[in-house]
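Quick setup: one chain, the form predicted alone, written in structure tokens, and binding and motion questions come after.
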Amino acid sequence: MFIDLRVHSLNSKGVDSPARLLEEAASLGIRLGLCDGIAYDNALSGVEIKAESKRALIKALRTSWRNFDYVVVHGGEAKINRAATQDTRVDILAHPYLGRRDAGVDVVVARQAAQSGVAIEVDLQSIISAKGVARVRQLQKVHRILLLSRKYGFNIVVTSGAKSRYELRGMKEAEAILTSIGFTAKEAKRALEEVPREILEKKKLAKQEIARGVRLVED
């Protein structure tokens, strides 16, 4: 099952209601995470932090990371890409290539992401919506991230990046897109299903800690 962890409803950047998005996800056979910064009772809930500096990012993480099923950092700027991949409280660095001519992931970011367990996002919508030369450049960025992942061992997580129900993708369609741009079938499955599941499980365990390294255990 595709676990899509960066979808926005009308409560943040999107245009459809959470209920409509969840209904469409059910029809596609995928599991959805609503990245609206709202703790939903009936859906996986994420927050996307957009920070202007490392200090602002750290402050935002202190107040929000325990309140959600996963934490996403809005990437693009080099200083934010680097700061996000240094912090183990971050689960996903979203679109590190946003607004950039390069992939936004260099050797430093790649090594930090591998060490900190921060997954680097590839969003399908940025590939599908790009046209002409822009699509070629976008594919080059994604391919660069894939090569660095193979070399340094950080996780790639794939999302739809959807802001409406029409932008959601089923598992087979998502796999087909990824394998057509260079992912192996195994890499595609891991990025779509296994890595998101690991992120959710890691966060579930982390939220049980009352202090770093100290966890409450029920008898």
Partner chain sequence: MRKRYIAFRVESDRSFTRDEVVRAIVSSALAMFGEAKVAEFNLFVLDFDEAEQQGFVVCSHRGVTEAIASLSLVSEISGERVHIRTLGVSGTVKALKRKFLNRKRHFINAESTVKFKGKEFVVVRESGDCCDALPCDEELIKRLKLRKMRFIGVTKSDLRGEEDAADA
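These numbers come from a predicted model, not from an experiment. Positions refer to the first chain, counted from 1.
What comes next is about the form predicted in complex with the partner chain, which is not displayed.
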Checklist entry - Given that the partner chain is left out here, which of 192, 32, 57, 28 has a heavy atom within 4.5 Å of it in the model of the complex? => result 28
Item to check | Residue (of 139, 98, 114, 78) lying close to the partner chain in the model of the complex, criterion heavy atoms within 4.5 Å | outcome: 139
Checklist entry - For the spot marked by 82, 108 and 203, is every residue within 4.5 Å of the partner chain in the model of the complex through some heavy atom? => result no
Checklist entry - For residue 197, is any heavy atom within 4.5 Å of the partner chain in the model of the complex, or not? => result no
Next on the checklist: At 4.5 Å between heavy atoms, is residue 156 in contact with the partner chain in the model of the complex?
Outcome noted: no
Checklist entry - residue 176 near the partner chain in the model of the complex, any heavy atom under 4.5 Å? => result yes
Next on the checklist: Residue-level contact is defined here as any heavy atom of the residue lying within 4.5 Å of the partner chain in the model of the complex; does residue 88 satisfy this criterion?
Outcome noted: no
Checklist entry - So which stretch, 144-152, 114-122, 100-108, 131-139, is the one near the partner chain in the model of the complex (non-hydrogen atoms, 4.5 Å)? => result 131-139
Checklist outcome for this item: Residues in 71-100 that come within 4.5 Å of the partner chain in the model of the complex by at least one heavy atom, in order, are none
